[in-house]
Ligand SMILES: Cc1cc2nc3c(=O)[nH]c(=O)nc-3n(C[C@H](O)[C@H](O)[C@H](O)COP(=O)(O)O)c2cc1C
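The chain below stands alone and is given as C-alpha cells, in the form predicted on its own.
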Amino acid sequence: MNKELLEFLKSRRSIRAFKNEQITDDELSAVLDAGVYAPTGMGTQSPVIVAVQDRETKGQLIRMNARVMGSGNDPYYGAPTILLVFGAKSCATYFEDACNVLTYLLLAAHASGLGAVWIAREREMFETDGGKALLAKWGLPDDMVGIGAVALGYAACDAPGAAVRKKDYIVKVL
C-alpha cells in the first residue's frame, strides 16, 4: 500500500481564492496531460477539455455562470484559468467519463502545487444560445454537454482543513 499516495489524496482541498497571476504554460500542460489520462468507459475518450485563459472569454463564462446561479459574484473565484469539461451525449458513459476527467484535473493541480475547485452549472450554461455559440466557435460538436469546470490558479489562501467525515459514509456487506 502506498501510504504517501493515500495521504496525498486526503490532503486535496478546494481553493476558492486565487492570486491575480497566470499559471505557467508548463503547469497548465501538466494538469491537462493528467486529465487526458482519466479512465473512460470502454476507452472511448469522449470528454473534451477547453482551457480558457483569455480575459474576454473568461468574462463571458463568469457572466453566464453567474446568471445561472442567480448571482452577480464570480463563480470561478477570480481564477486566472478555467478548464471546462464536456461529455459527448453520443457516448453512454459521457457523464461518468467527464467526472473522471474533472477529478484527475483536480488531483493534478494539487500535485503541481496549484489551487483548484470544481465548479458546477456548465450544463445549464452551454444549453443556452450563448453557450451553443461558444461550442460552435470552438469547433465542438453540438452533442457536447457541459459537465463541470475547474477554476485553476495560485492559491491566495491557505487550504481549509478537512471536514469531519459522516459516520454512515461506508456500508460494508460482508
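Small disclaimer: the values here were computed from a predicted structure and weren't measured. All residue numbers are counted from 1 along the displayed sequence.
Only in words, not in the display: the form predicted in complex with the ligand, which the text now covers.
- At the 4.5 Å threshold, heavy atoms of K19 stay clear of the ligand in the predicted bound form, well away from it.
- Although the partner is absent here, A111 sits far enough away that none of its heavy atoms falls within 4.5 Å of the ligand in the predicted bound form.
- Using a 4.5 Å cutoff between non-hydrogen atoms, Y104 does not count as a contact of the ligand in the predicted bound form.
- In the predicted bound form, the ligand sits within 4.5 Å of a heavy atom belonging to Y77.
- The partner is absent here, but in the predicted bound form a heavy atom of I119, alone among I119, V31, M125, M144, sits within 4.5 Å of the ligand.
- Stretch-level contact check against the ligand in the predicted bound form with heavy atoms at 4.5 Å: of 23 to 31, 43 to 51, 111 to 119, 131 to 139, the positive one is 111 to 119.
- With contact defined as any non-hydrogen atom lying within 4.5 angstroms of the ligand in the predicted bound form, the stretch 38 to 52 contains no contacting residue.
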